[in-house]
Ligand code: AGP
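One chain follows as structure tokens, the form predicted on its own.
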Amino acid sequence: MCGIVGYVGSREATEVLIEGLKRLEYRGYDSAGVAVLNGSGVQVRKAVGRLSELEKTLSSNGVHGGVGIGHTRWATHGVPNEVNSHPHVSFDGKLSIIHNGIIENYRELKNELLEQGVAFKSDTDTEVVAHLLAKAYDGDLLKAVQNVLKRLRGAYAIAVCHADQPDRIVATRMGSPLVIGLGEGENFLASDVPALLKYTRKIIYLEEGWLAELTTCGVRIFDADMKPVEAAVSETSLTLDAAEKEGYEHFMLKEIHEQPRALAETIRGRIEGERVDIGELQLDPEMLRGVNRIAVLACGTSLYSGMVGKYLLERFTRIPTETWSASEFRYADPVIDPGMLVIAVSQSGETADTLEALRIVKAGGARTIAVCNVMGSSIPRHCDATLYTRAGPEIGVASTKAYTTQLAGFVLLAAGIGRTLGRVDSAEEAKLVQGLRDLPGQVKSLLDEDIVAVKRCAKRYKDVFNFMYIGRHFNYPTALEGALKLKEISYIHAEGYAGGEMKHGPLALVEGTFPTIAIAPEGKTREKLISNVQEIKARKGVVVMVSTHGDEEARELADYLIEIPACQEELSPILAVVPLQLLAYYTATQLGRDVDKPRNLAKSVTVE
């Protein structure tokens, strides 16, 4: 989950590296460092903590040169300290390396090196690779990297430079993301495109197992057997503004307020008249008719969108659907057959467990669709078709606009597949399409309101130790997602439950200072959820209700009432989650938390 950056050119490398790392700090912020080549060997600077600490180090002890690599760390092997920070240097002091991922067989490799007399300075798995490369180096850095890769097991994106070849960087990837940026007389590499937007829009998405050699003269790319590769060059449509706060205090608040635009972009071109149109996916009707079950694979917030997706897919396609945590699916000995359709959901398209689970189902002959936000990322490249959510860069660690656009994507996917199979009534589809058209405006109106109840609730209950969230059917996953948001950024313990499970244990928690967030918009399960609320009120519990405008019963029951616009039940999770995002945000800011960089977390989970 770390962020890596590299630069070869005539600029001051440290300036480019720091600028890129600022765009990647959401991937890890335990420590940061740079290594620069300037004809006097490898010059390394590191600092523990946020990137600002490294900037302070460089301001008092700078290093100059036109070739360099940089890293911002999310710790896996070894505690966050300066010794464990990247870049790491080989035993001979000539080679420097940065790494995102995990080397699974590092212990056996380390023991081998120890027996050869190599001394280790850090507790990291990455230092092993540095020493192996130094031993393999015979004047050709590219060849040394190729040879060492044969010995590594695990996930990695690696960039290497050597004092004896001070005009180049060699990079490779396996299971962790890496992109190359092309310039005039300069070239770049990074974990993610936003790190490069200030300098170039020409991007190469490095495939797994490929090796890249960057010099001022250009970029050469080879496959694992060192055969030259003609890699496709993409022109990214992302803008630098999209990766800026634009006046908001935090990226998370900005991204919450970007949801009307993100939803409009996700829906645009995918509804035509009174019909859903997902023709861009080029789904074969005969293939769909052969599907006897659907499995949704995802992790974290994407898993909760997949849970809503299950309800939507079964509602509109009538195909049995299951939702799996990808990290569990990988080890569950799943039954896979050609009649299975798998939908892999990931904001980044690089989620390690989802990617590995996808490889398993592909090997079993299942058909695959990705729901993803990042074009060119690994998961879409492994799938037969992709529905891109068009949310734009999401920098805040706690996902917001990615979640709501995934929900919209599932509505489109479920209705589109259902119509292809002849299982969606045309009048019903027309009503859904109108609801989708209304959705961006409804979210905007919700955000334009001063949601007093949210702010009052955040202020009143910021010091409690526990929250409970309850919902039913489409909004049971909303309860899970609301609880996750609060946990992620405020560090208050919160749990989400299906409303019908209250009497099976959670009700024991209810007392006079214990708040429950009840999600009860219009729909077939609203009355049941209201009954759950009455059970809580009978035990003197505090209730915050999310309900549809004009629900007088909710107004009478709730201690705090949050109203959302009326909409179709299938679309209600998109509207209902917005005030829960704001509740988490305002609670966290009341507590003085670092909303965009919560402790122990990083944005893209690219290691198991």
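These numbers come from a predicted model, not from an experiment. Sequential numbering from 1, following the sequence displayed.
Below, we turn to the form predicted in complex with the ligand, even though it does not appear here.
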Examine Leu484 and determine whether its closest non-hydrogen atom to the ligand in the predicted complex is within 4.5 angstroms.
yes
Does Leu95 reach the ligand in the predicted complex if we count a contact as any heavy atom within 4.5 Å?
no
Given that the ligand is not shown alongside this chain, does Val148 nevertheless sit within 4.5 Å of it in the predicted complex, heavy atom to heavy atom?
no
Residue-level contact is defined here as any heavy atom of the residue lying within 4.5 Å of the ligand in the predicted complex; does Cys299 satisfy this criterion?
yes
Among the candidate residues Ser348, Ser90, Thr317, Thr124, which is the single one with a non-hydrogen atom no more than 4.5 Å from the ligand in the predicted complex?
Ser348
In the predicted complex, the one of Ser399, Ser490, Asn84, Gln259 near the ligand [non-hydrogen atom within 4.5 angstroms]
Ser399
Note: the ligand not shown here; in the predicted complex, the stretch from 68-76, 186-194, 129-137, 340-348 having heavy atoms within 4.5 Å of it is 340-348
